[in-house]
Structure formats: structure tokens, C-alpha cells
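Taking the form predicted on its own, here's one chain by itself in C-alpha cells.
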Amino acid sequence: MATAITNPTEFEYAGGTVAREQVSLWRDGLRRLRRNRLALTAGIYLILLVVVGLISLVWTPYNPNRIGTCETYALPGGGHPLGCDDLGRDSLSRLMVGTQVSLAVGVATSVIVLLVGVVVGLVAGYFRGPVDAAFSLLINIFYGVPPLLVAVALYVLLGAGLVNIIIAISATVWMDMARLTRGQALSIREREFIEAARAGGARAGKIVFGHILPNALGPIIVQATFVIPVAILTAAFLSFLGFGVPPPRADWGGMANEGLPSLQGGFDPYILLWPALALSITLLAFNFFGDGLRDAFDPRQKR
């Protein structure tokens, strides 16, 4: 009598050897991501950052825009753990509100890049020929123009505002996503299951979005995590140059810009230090987490 199999993930060969089902790509990737302590630490920090941003929507220790909350250039201590800026505004409250701007720019830019870059890459990679040539030419044209120049020009044309900053940055970073997706589409379209779908009468839209896209999601998601720090850094740099979120709303680049004269004048180095630290740690966290995702979901990393 055959022995009953108690574990549904196992089955018996005729010779009695027991083998496990092949673990799915996503489950295997998550398992290997959990082993990456640096990526996990970065992920925990990013979760805490999101929590701070959500809390600052409804509560901050002080009104972040209120002038004269405390003594100007007050050093950290007492009721103001991070001190106060040149207008007597609480630095901790402004740093918390600045988290909203950085996360909004990073996430929104990543979503726009996903929508534009993935669609362009899929269409170019699947249809090839003149369609691929046209989209490739468009991508190369955008690569030939300095990204910062494009962002500043679009910002000037569209005007000040958070939404316009997101649009301006998205226009400079979508090309990498499009090229990655195009390469994935070119590779996947030649596989047997795509040929079977064509032979079965599946339409191009069904093949592209129902077969090619799901099999290319791993690298696409990893690339999206690298878009976020690029967008945050670009937004902060624009704000540092005076092209960012209009005052008095706080953002990390604008806070650094406000703290630079104080540092040069020898008044209070902390005004520049706190946003610079927040920006640096956040960029490192996104990069470490993105590296962890790439190592976890890249088949070439498997041992």
C-alpha cells in the first residue's frame, strides 16, 4: 500500500524518493531578502520614515511655519530637541513636514516613471521594427539633454508647486525604466510560451500585458526603488537652488538652503546639519533596500 503524503508540498517518485515542489520566484526572493540584514535595516528605517510623514500630517510638536516659536538660532535642547532656525521656527517640526515632501516626490515620480517607462518599453520591445526605432530615438534624445537643465526648464515653464516638481523630475528619469523594460520584452517575446500564446490566437495586448509584463516585474520593481532616491535628491537639489517648494512650506533641500548662510556666518551649524543628515540617511536606505531587492530577485544571484 502506498504511503500517504502528509506534506502537500512533497510528492513521491516511483522509487520512493521524496522531493519538494519548486519554490516560486517571489517566495524564494522574499526568503533571500530576509537574510539580507542591511536591506532589512534599511526597510525598517523607510517604514519609520513613512510613519513620521503620516504623523506630521496631523501633528507636529510646534507649528512648522510659525515665526518666533523660539529664540532664533537656538541650539538643540529643552523643548526644541533639534534647535530653531533663523526665523525662530522649530527645526524638528519642519524636518517632520519635510518628510512629506520627499516621500511624495519620490513615490509619485516612481509611479509616473513606471506608467510611462513600462508602457514605452513594452511596446518598443514587443513590436520592434519602426516602432522600436522611433521610441529608441526618443529615449536617446532625452538622454542627450542634461537632466537638471530639463528639470529647471520645465519647472520655470510650469511654475512653482509640488506637482510641477514631480512632473519635471519624471521627465528626466523615465528613460532607464523604458530601456530596462524594452530589454526584458525583447528577451521574453522569444520564449516558447509567448509563441504558444500567438499560436492560440491571443491578441498583442493580451500577450504584452498578460504574459510579458508579469514575467518582467522583478527587474521593473527593483528599478522603481532606485528611481525614488534619484527623485528625492533631485527635488532637494532644486530646492537648494531656489527652484523647489514655495516657502513657507518646509522641505529638506529648502531647509539646507536656509541653513547655509547660518553655517557660513558661524551662527548655528545645526540648521544645515539636520536636513543634510535626513537626506543622506534616506538616500542610503533606499539604495541599500534596492540593492537587496536586486540581489534577491536576480536569478543570476542564486546559489
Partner chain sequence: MRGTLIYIGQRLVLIVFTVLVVSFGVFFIVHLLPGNAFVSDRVHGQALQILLHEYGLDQPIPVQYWNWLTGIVLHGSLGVSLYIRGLPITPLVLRELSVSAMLGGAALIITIGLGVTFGVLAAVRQNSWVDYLLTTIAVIGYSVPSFVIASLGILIFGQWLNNLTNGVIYYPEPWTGTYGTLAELSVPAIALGFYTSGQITRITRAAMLDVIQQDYIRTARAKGLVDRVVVLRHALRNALVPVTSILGPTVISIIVGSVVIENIFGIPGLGKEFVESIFQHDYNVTVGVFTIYAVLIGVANLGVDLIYTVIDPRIRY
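Residue numbers count along the first chain shown, from 1. Remember, predicted model here, so these are calculated numbers, not experimental data.
As for the form predicted in complex with the partner chain, it is not shown, yet the points below apply to it.
Using a 4.5 angstroms threshold between heavy atoms, residue 147 counts as touching the partner chain in the model of the complex.
Interface residue remark: residue 243 is counted as part of the site for the partner chain in the model of the complex, having a heavy atom within 4.5 Å. Using a 4.5 angstroms limit between non-hydrogen atoms, residue 143 touches the partner chain in the model of the complex. Heavy atoms of residue 271 never reach within 4.5 Å of the partner chain in the model of the complex, leaving it off the interface. The stretch in contact with the partner chain in the model of the complex, judged by heavy atoms within 4.5 Å, is 261 to 269, chosen from 39 to 47, 52 to 60, 65 to 73, 261 to 269.
Only one of 168, 108, 233, 194 comes within 4.5 Å of the partner chain in the model of the complex through a heavy atom, and that residue is 233. For the residues 204, 157, 163, 133, the 4.5 Å heavy atom test against the partner chain in the model of the complex is passed only by 157.
Heavy atoms closer than or equal to 4.5 Å to the partner chain in the model of the complex belong, across 116 to 137, to one residue only: 137.
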